[in-house]
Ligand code: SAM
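For reference, the chain that follows is the form predicted alone, supplied as structure tokens.
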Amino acid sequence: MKTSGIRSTLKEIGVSPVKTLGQNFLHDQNLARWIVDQAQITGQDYVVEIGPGLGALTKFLLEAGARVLAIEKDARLANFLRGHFDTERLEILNIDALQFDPRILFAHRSVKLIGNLPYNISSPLLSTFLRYPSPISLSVLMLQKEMAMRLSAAPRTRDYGALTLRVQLHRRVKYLRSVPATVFLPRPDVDSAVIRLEPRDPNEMPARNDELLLKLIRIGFSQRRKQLRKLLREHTTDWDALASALDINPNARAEELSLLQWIAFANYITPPPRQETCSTPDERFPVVDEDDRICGEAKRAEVHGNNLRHRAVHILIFNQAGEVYLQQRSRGKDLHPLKWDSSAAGHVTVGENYNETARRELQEELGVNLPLEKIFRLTASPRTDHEFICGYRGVVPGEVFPNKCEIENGAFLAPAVIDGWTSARPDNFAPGFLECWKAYRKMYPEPEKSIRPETFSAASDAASTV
């Protein structure tokens, strides 16, 4: 739409551009087409567009064949878009984008994010849409140029900072081009820029404690001109030894360290668990027959290597809001590394019953001791990795404390979000969890307002029945 068309349309629908809403309308059609081209849109994509305005980008997204969810805060603009684009492939959501929960997007196989983000809320918008785990596979965003340079900055530059590292920890960021203020109506006070963000492979970065890492980064950049040895001295007793081990200048400042060096810094202070200390290859499992009767025992490697029937537990932990904690399995797991799984899960070892294992696994993996209710039982099959599974549930009143030996990451998610995610992207999950989730949802198809599990005792456990 040309500038004359934008003016007449805004007048017709009664909109005077509001600076606080970031209402600057793109009138350069060639630029709009180029931005959409950078997202490599196909008919298989579900595209979320933030701040569509009068549809400058929406037009080309629809022409590329995508399904589009356009989030527009201004009701007048939302109504204009509904009337202007007559297609079932466009849904208009008239809400503040900061109130949108991106996790519902897991229900779509391929999700891309595109938009001209309002300058005054671009940072919280990025935090909302890019928090881990994120369903978004590619983002192409137009931002205030200063923000775009911060997100894509390299070490030893003035734009490099804590925000740079927080975003680049999980994403590769590329600065695509600068955009002059003249392509907007009304003209903003600053120039813009377009960036592309793509998720990193989880194995691209070393294992680390993200909470500690981000804390160190925050402190390190709190006073940019101060040396790190002064800002972070309480975290190490021998700064010179640390600097030597990381091969950094002992007098380095925060902006001199790359992301990998920051990770090495955090790992020097609190080394991540070594896999040889986490795994128990000599652990012995009871081997069972088709009726879950014990017929022998074998080491873990033998059981898994020969697909022998054995026993396991899966536990679903809910918070007070009715959300379920899912864990991302450690990268060091011998089966299904980095796949998403039940809140806690594990094998029944020799001398244990199912209930005893459930209590032990909950304590070992999440650091909590809760009343649990046994809710289902699954028969061993290839879909369960040849495990007979007893499923439990419980409610945690506060935090969980994930064991880094076992868990890479974790998140509380609404059951409806998990439904969509497991349906659209089953390959993200350990197969045993998929079977457990089906069993749980068959028993509890609707969200429950409260969950009051009964405490069980070891004496109530039966070897082959629940």
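What you see is a predicted model; the values in this text were computed from it and never measured. Residue indices: 1-based, along the sequence shown.
This next part talks about the form predicted in complex with this ligand, which is not shown.
Residues with any non-hydrogen atom within 4.5 angstroms of this ligand in the predicted complex fall in just one of 318 to 326, 227 to 235, 378 to 386, 96 to 104: 96 to 104. Residue-level contacts in the predicted complex: of 69, 417, 26, 430, one residue has a heavy atom within 4.5 Å of this ligand, and it is 26. Between the options 179, 151, 77, 138, the residue in contact with this ligand in the predicted complex by a heavy atom within 4.5 angstroms is 77. Using a 4.5 angstroms limit between non-hydrogen atoms, residue 56 touches this ligand in the predicted complex. Residue contact check for residue 121: one or more of its heavy atoms lie within 4.5 Å of this ligand in the predicted complex.
Heavy atoms of residue 108 never reach within 4.5 Å of this ligand in the predicted complex, leaving it off the interface.
Taking the partner from the other structure, this ligand in the predicted complex has no heavy atom within 4.5 Å of any heavy atom of residue 213.
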